[in-house]
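Only one chain comes next, encoded as structure tokens, the form predicted on its own.
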Amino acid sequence: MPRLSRFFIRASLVYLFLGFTFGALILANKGILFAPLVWALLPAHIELMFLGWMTQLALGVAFWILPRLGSSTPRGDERWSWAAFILVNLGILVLVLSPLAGIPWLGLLARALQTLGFAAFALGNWQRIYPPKFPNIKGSI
């Protein structure tokens, strides 16, 4: 398994643990009211579970399982995928911590970082799905 896939999957497991912990606190507070402010963790819980856990797990497995290229670099230019890893994680962290900062535009910045990260992943791995075609080269029949 490639190193980047391991990073994606390990990060997803960290987010699964954090999202599960936040969800357990919210659920426990629903049964026995001990801290009404726990409900403020709900957006972070949703973000950690969907984009943190599920999406990163999918990106890590996709990077690992997509067809390899027949060159010296079988996964193409991995810098795009590394940039995707950094941008998506940075976006998740900014979005989770934005309520603490109290700056309203941080949520928009976080979504922009995540969108750039997904675009970088697509750019870096697109040639593995649709390899370039050369229309002027004819194969022997």
Partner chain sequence: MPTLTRSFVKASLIALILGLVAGIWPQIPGAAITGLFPIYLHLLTFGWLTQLIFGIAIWMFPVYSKEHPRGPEWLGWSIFACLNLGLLLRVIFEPLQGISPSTFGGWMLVLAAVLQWLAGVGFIANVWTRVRGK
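Numbering follows the first chain given and starts at 1. Please read all numbers here as calculations on a predicted model, not as lab measurements.
The discussion below concerns the form predicted in complex with its partner chain, not included here.
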*Which one, 104, 36, 31, 67, lies within 4.5 Å of its partner chain in the predicted bound form by heavy atoms?*
31
*Going by a heavy atom distance of 4.5 Å, is residue 17 a contact of its partner chain in the predicted bound form?*
yes
*Give a yes/no on whether residue 53 approaches its partner chain to within 4.5 Å in the predicted bound form, heavy atoms considered.*
yes
*residue 100: heavy atom within 4.5 Å of its partner chain in the predicted bound form?*
no
*Answer yes if any heavy atom of residue 57 is within 4.5 Å of a heavy atom of its partner chain in the predicted bound form; otherwise answer no.*
yes
*Is it true that 86, 90 and 128 each have at least one non-hydrogen atom within 4.5 Å of its partner chain in the predicted bound form?*
no
*Could you tell me which of 104-112, 23-31, 78-86, 91-99 sits within 4.5 Å of its partner chain in the predicted bound form, going by non-hydrogen atoms?*
23-31
